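Presented below, as structure tokens, is a lone chain in the form predicted alone.
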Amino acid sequence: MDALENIKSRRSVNYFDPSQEISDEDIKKILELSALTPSSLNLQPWEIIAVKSSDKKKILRKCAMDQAKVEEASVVFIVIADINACERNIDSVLKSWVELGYMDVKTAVFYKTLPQKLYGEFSSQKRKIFAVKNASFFAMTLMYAARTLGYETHPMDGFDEDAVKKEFGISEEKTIPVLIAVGKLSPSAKLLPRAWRKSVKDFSKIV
């Protein structure tokens, strides 16, 4: 699908066809494309749980205000923001940059301390914002990637985060910015014209 058409045609779909399954291969393709998302210092502070089985979707539905689309969708991605990424991933990032010629070893030693300087200590609000912001970039890429493969999506904010963490074994210090339901549009559903959008002049200025 053409990139412009992807952007213009993407809609948040509420009604999925529950008879349509998604293959593990397509899930992998969606995630591989999404993994190309840019992130601060290339730290990639995201983790994903793909909820595909009917029993796990039933559990997730209870955590998500009993929204039917959780069960009707072919898969629901739990997008997790990982504040540990600064420590967990920095060595891999720097090793790659040195090997590829982006920087020398001396510069890499300086960069080793940069995440803490930029994003604060482990429990800081800046650290949480860093992780959520970049995981949200990933989430948007995921929706476009799914659309490219012929699937519709719906980003979901209506869920009990603590309940999702408990049911799916997600540690307390991590944050879940969004769930993304993915599947095929129900044949009985009709998409209405796109609703009100702010015009460019309403939200921007050129200086």
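What you are looking at is a predicted structure, and each value in this text was computed from that prediction instead of being measured. The first residue of the sequence shown is number 1, and the count goes up from there.
Although it is not shown, the form predicted together with a further copy of the same chain is what the next lines describe.
(request) Please check if P193 has a heavy atom lying within 4.5 Å of any heavy atom of a further copy of the same chain in the predicted complex. (result) Close contact exists here: in the predicted complex, P193 approaches a further copy of the same chain to within 4.5 Å, heavy atoms only.
(message) in the predicted complex, is there a heavy atom of a further copy of the same chain that lies within 4.5 Å of any heavy atom of K112, even though the partner is absent here?
(response) Close contact is absent here: in the predicted complex, K112 is far from a further copy of the same chain, nothing within 4.5 Å, heavy atoms only.
(message) With the partner left out here, check for me: in the predicted complex, does some heavy atom of A68 sit within 4.5 Å of a further copy of the same chain?
(response) Although a further copy of the same chain is absent here, A68 would stay clear of it in the predicted complex, with no heavy atoms inside 4.5 Å.
(request) State yes or no: in the predicted complex, is some non-hydrogen atom of S96 no more than 4.5 angstroms from a non-hydrogen atom of a further copy of the same chain? (result) Yes, contact at 4.5 Å.
(message) Could you pull out the residues of 112-131 that have any heavy atom within 4.5 Å of a further copy of the same chain in the predicted complex?
(response) Going through 112-131 in order - heavy atoms within 4.5 Å of a further copy of the same chain in the predicted complex - the hits are L118, Y119, Q125, K128, I129.
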